[in-house]
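Take a look at this single chain in structure tokens; it is the form predicted on its own.
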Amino acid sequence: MKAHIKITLKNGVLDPQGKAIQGALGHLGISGVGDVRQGKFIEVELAETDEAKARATVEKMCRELLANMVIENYAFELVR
């Protein structure tokens, strides 16, 4: 089973990398792009086959290591 984890900055947290991407898109002549926010995507292979246990494991990973709970949100899905 795999976990697909998406980590993004919370609303209201400044995102200088997103602003840099937005500016670079404008310099490339790409118009019509509004606000840009960047984040992280992490794929984790899990040995666990029980979905409830896998969810608990991924929650623990996210809360204790992968996401900075002060400034980031996370969401994940389990894929078989």
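Residue positions are given as counts along the sequence shown, with the first one as 1. What you are looking at is a predicted structure, and each value in this text was computed from that prediction instead of being measured.
The same protein also has a form predicted together with a further copy of the same chain, omitted here; what follows describes it.
Asks: Every residue in Lys6, Gly32 and Leu66 with a non-hydrogen atom within 4.5 Å of a further copy of the same chain in the predicted complex?
Replies: Every residue of the spot touches a further copy of the same chain in the predicted complex.
Asks: Is Lys40 close enough to a further copy of the same chain in the predicted complex to count, meaning some heavy atom within 4.5 Å?
Replies: Answer yes; at least one heavy atom of Lys40 falls within 4.5 Å of a further copy of the same chain in the predicted complex.
Asks: Should Ala52 be counted as a contact of a further copy of the same chain in the predicted complex, where contact means heavy atoms within 4.5 Å?
Replies: So Ala52 does not count as contacting a further copy of the same chain.
Asks: When the contact criterion is heavy atoms within 4.5 Å, does Ala24 count as touching a further copy of the same chain in the predicted complex?
Replies: Residue-level check for Ala24: yes, a contact with a further copy of the same chain.
Asks: Does a further copy of the same chain come within 4.5 Å of any heavy atom of Lys10 in the predicted complex?
Replies: Because no heavy atom of Lys10 falls inside 4.5 Å of a further copy of the same chain in the predicted complex, the answer is no.
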